Every structure is written in C-alpha cells, then in structure tokens.
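First come two forms of one protein chain, each written alone as structure tokens, so that there is a structure 1 and a structure 2.
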Structure 1
Amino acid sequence: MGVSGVRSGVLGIALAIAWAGSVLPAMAREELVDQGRKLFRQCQSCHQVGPKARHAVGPYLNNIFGRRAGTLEGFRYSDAMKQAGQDGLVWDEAVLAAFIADPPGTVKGTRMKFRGLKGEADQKALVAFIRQHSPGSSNIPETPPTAPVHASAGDPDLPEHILSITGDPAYGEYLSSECVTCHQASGEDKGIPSITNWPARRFVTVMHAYRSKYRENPVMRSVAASLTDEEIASLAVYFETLE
C-alpha cells in the first residue's frame, strides 16, 4: 500500500502525543487547524469541504475519516483508487498523511495530480483541518475528544446574476495566455495550483474572492483586479474545457 510500517508507526506516535486531547490545549489545536486551513488552499482547486461541498475535479472530502477509499456516489474515481478501497484502504490519520505526502506512492495509478505536501508538521495540520469536516470521527480510536466543527474554508457566495453570466471561450482563450505563464495549461501542479477542468461556477467564485480581497495572495489579487465580470466568466468557460 506504500504506507510503510515504520513511517505510519512514527507518525502514529507523533499524532498520539499531539492529540492526547487534554495534553494539547484548545488554543494549540485551534492553531493547528488554522494552519491546516491555509494549507488546504493547495487542495481547494480540486476538493471542497463544508456544508455546501460538492464533487469538483476531485471528490468532496467531508466525512472522509473511517471511510473506504474511492467509494463516494457520483464521483468517477480511477480504477486504481476503487481497487485500493476494495483492497481495504480506509482513510485514517496515517493513511491520509501518507497520501497527502505522496499520492502516487501511496495509491499507485491515482488520478490525483498533486505533487505532494512535504513536512510532517504541515501534513499533520492539514489532516487536523480535514478532520474538522468529519464530525463522526470521534468514534475512531486516535481521534481527539470532540473537536468543534468550523465553518467551511469556502469563499463568499456570489449572487446568481454574476454566476450565470455567459462567457466567451475565444476571449477566455486569449485572456488565459496571461495565466499559463504560472498555471500550466496541462493541469500540472508544481507550486502553483492547477486551474484546468474546474466547474465554471466554482472558478468564478474563487476569482471574485481574490478580486474582493477575501483571498490573500497578492499576485492573484492583482490579476483578478484587472478582470471584469465578463472576463472572469470567459476564463471560467475556457478553463472548464481544458483537461
């Protein structure tokens, strides 16, 4: 499975210490989750969590703890992921951390194009954040005593009249030439998230979150500030069609 005994063992100890509930003050846990929320930006291009989460490029990640891999209704998994689930891969702390660290190394042949998140501290924080969206996870042995469920890492909702603007894909293609200096047109993700093949409405919501300065990245704020609602819609329809 790629999760080596040594590795998950070490991780298990680290986690057991970190989550010995009463040992870890509430503040520290909050901080960990906060750090995880920031790290989740690296997943956000493909995954949603929270009350309104839906499948996107990847499946939604609510209630992932204790669930077999590759088993959500309505999402087209790779054969590799389905097989892994059938072979008994269940998402828990150690497995999630290992998968986040090295997706193809953990599930060979997975369709998840993500370079991997290095650093155990970061992996731990991210898993802690994802756990917030698995409220039932307190039944799983290595879980902290009931953690508060946080609001989703979602972006501000947009009014329907903005979400439903019809974009011009040809104009979108021209505008995209500016984006692909950083975001690879092939969907490859190395340090800058992939933006191909997103559902258009989600794309529009995210671009507006940069334009309204809800999201922080200064490069993207500057990019988004220069785009009109129509231009954002055009980019969204164009990128939606890029595999």
Structure 2
Amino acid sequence: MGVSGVRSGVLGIALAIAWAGSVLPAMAREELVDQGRKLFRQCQSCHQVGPKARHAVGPYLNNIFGRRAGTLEGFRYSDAMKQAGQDGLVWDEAVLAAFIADPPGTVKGTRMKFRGLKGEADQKALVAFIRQHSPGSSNIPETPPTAPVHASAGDPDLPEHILSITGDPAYGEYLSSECVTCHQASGEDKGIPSITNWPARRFVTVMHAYRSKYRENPVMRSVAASLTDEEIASLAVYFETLE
C-alpha cells in the first residue's frame, strides 16, 4: 500500500469510529473494554499487556499510546518497524487501529503475521482495551494520524542513473551544516528522526521523494528543492559513513 493509501485508510478509520474516549458513558466504555479483552485472546500468543507484561514474540503493549514505533527498550524490532518510527510513526488510536486492521499494509516489511482484524467495531474494542494499560492515555490530545513513510512504501522508484551518482563525502560534510541544525549528527533522536548511518540509496530516494512532493513535510520539501542531484548524493554518502 502506498503512503496515500495508508493515510486514507488511517483517516477513514479515524472518521468512521467514535473512539473509546470520554464521550462514551461509563457503562458503554466498560462493555467496549470487556469486548476488547476477549478479542485480545487472538493477540496474547505474541503480546502481553498488564502489570506483569513482558516481551514475548512481540513487544509488550503497556504505555504504547504516544510512543514512537520501534523504540521500546529491550525488544528487537524489525528494521521496518524501527524505520517507521524514525520516519515519524507514533501510536495513537487511529494508527493502532489501522495496524490492527492490516499490519503489512500499514508498516510494509513488519514481521507481524496477524492477518488483521477487519471489523471496525472489533478494532474499536481492541484499541479501547489496550488503551487501558497506558496510564493517563485518556488525556492524550487527539492528533492527526501519522502515516508511516519510508523508502519502500510510497516513495517514487528512481532511475539507476540517479541512484548510482557518486557523491563526494567531503562535499557532503560541507553541505550538512544545514541538516544538523535539526538532525543530530550523533544519531540521537530528539523528536526529529536520525539520518545517521542511513544507506546512501535510501537517503537519495527519500530526498527525491520530498523534492517531487511525494512526502509532505514543507521544510524538507524546501531543503530538497534547493539541492542538485549531485549534492543529494554527496549528503547521502556522508551521512552513510557516520556512526
């Protein structure tokens, strides 16, 4: 599924479902959570939730709301899930529902083999149950859902002559001064995804996706539009070498 398809799916779910928040009467909410608890039996062979939850085949699901994907300590995530987090995927109700409905369509390359929970009412109930294990999560303000965007899902396929341009790492270092005003050269993620040690071809693909407006961040669109193909290639090879 492409980026626009994922985003449409997430937005569709967000609009179609009245989420299990404070708008529900207490009794209706309890019934919804109880239904979600029953549905979670389909998940518990891989995931745990609750006071004694531990990592299993999949990560435990306590405190998932508001957390960047692929960042929970102590669990070995797939490269796809880590990349989705680096690209800005944060778990909220709509995004989690989209993932529950279609894991590989939401995060392409995920190791999660669950076939998906297709009924919107069931998605709503399961999300409500999981949310009970995120203390304070009912106070999390609703935000526009963040669709996962990475080089393998929705970015344009670039011709080989663009991907094979040989960049100059020294020139890339010179050009990087603008990049590191936001992206940490150390690789630390302070709310802005790290680009340290990215594969050069992936870096090139992502930058061209911004330049051709496949990706929506207006700042990155502006930066990418100011760079030549050779400059992008030089930045790519420079950041690839950073540890």
Ligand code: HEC
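One-based numbering along structure 1's sequence throughout. Nothing here was measured: the structure is a model prediction, and the numbers come from that model. Rigid core here is just the name for the largest C-alpha set that superposes within 1.5 Å across the two forms.
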{"property": "Of structures 1 and 2, the form predicted together with the named molecule", "result": "1"}
{"property": "Displaced residue check between structures 1 and 2: D122, CA, 2 Å or over, core reference", "result": "no"}
{"property": "Rigid core fit then S78 CA moved by 2 Å or more between structures 1 and 2", "result": "no"}
{"property": "Core-superposed comparison between structures 1 and 2, P169 Cα displacement 2 Å or beyond", "result": "yes"}
{"property": "Following rigid core superposition, Cα shift of C179 between structures 1 and 2 in Å", "result": "54.7"}
